[in-house]
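Taking the form predicted alone, here's one chain by itself in structure tokens.
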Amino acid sequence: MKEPLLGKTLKELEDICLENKMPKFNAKQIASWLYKSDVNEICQMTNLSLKTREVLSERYSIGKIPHIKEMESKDATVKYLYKYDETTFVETVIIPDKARQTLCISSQGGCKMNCLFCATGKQGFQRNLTSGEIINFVASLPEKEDLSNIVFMGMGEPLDNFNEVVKAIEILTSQWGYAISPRRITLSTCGILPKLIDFIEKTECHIAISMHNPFHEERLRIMPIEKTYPIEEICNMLRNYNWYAQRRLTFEYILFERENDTYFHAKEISRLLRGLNARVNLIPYNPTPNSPFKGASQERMLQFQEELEKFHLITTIRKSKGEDILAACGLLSTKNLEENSSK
């Protein structure tokens, strides 16, 4: 089986050139074809010599993988399903909002975090995605020319696949790659503390912390990660960094009816975030099968927003998108995993 070039950094492409006795400058040409010119075959890299293309083609492929299923919502949100091997079904979603086109990227097949409200967590963990498989979400995207923002907020915990995610971000943000500003990329995490520190220091991307409950015991019940990395420790660590408009810090908060939507929750959130230049993003809950939770009503979300704003917290409410196409992360892949295993 040929090794894919998609997902290789410039340094890795230079190493391939040297290993195959090609000029080192060929690496930038290959990177340009991979990440700027959207080729599907090595033979299309016409500024490389015929001999170079033949040598590359013997061992390597582009590595682009098309989606196997597409679902479009009435609000123009589109979910794509990919099959990366016999047991790895992963999703990506393109979300339109006025002039913005945001791509929600997965980083793992399944997830280890086992959050009680999450469909992906119920799958268990299959494997980490490679940087090439992550980049493939962009490379194979029909709407890539209109892409404005990227969020690592799909299936999996990005910081649990740290090296491949950081490598993918290098390709996305480098001038020899896609040249996307890191200010247009957000990484969402439940808070693996050592990796979060590394990510803050090695990249310039925005950070979104999945809080969902400010109280230790209550958060622990729905998010097992709280046992190892409590939300209070995460907030204390984040105070060591400067957060400003060019690098945004957000706390994500799914609002569950009668679970985390009281005045006391709002007050505790304000205590945790005291001294942090951060915002709270309230998220409608897209129910998953057999979930014990019910999403709060729009009226309750507005009331909770008002309570947070009384504590001088900048608060937004995320618009619910794609409710008619298995919107919650992992639902479509779970459905296909179940169908696949029953054959």
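Throughout, we count residues from 1 along the sequence that is shown. As the structure is a computational prediction, the values presented were derived from the model and not from experiment.
Just so you know, the form predicted together with S-adenosyl-L-homocysteine (SAH) exists too; it's not on screen, but the next bit is about it.
**Student:** Given that the partner is absent here, state which listed stretch (63 to 71, 305 to 313, 284 to 292, 32 to 40) has heavy atoms within 4.5 Å of S-adenosyl-L-homocysteine (SAH) in the model of the complex.
**Tutor:** Contact-bearing stretch, as computed: 284 to 292.
**Student:** In the model of the complex, which of the listed residues (Asp261, Asp198, Glu232, Glu252) lies with a heavy atom within 4.5 Å of S-adenosyl-L-homocysteine (SAH)?
**Tutor:** It is Glu252 that has a heavy atom within 4.5 Å of the partner.
**Student:** Identify which of Gly132, Gly154, Gly109, Gly177 has a heavy atom within 4.5 Å of S-adenosyl-L-homocysteine (SAH) in the model of the complex; exactly one of them does.
**Tutor:** By the 4.5 Å heavy-atom cutoff, the listed residue in contact is Gly154.
**Student:** Using a 4.5 angstroms cut-off on non-hydrogen atoms, would Asn213 count as touching S-adenosyl-L-homocysteine (SAH) in the model of the complex?
**Tutor:** Looking in the model of the complex, residue contacts with S-adenosyl-L-homocysteine (SAH) do not include Asn213, since no heavy atom lies within 4.5 Å.
**Student:** Please check if Cys190 has a heavy atom lying within 4.5 Å of any heavy atom of S-adenosyl-L-homocysteine (SAH) in the model of the complex.
**Tutor:** Residue-level check for Cys190: yes, a contact with S-adenosyl-L-homocysteine (SAH).
**Student:** Taking S-adenosyl-L-homocysteine (SAH) as it sits in the model of the complex, is Phe117 near enough to touch it, meaning that at least one heavy atom pair lies within 4.5 angstroms?
**Tutor:** Yes, contact at 4.5 Å.
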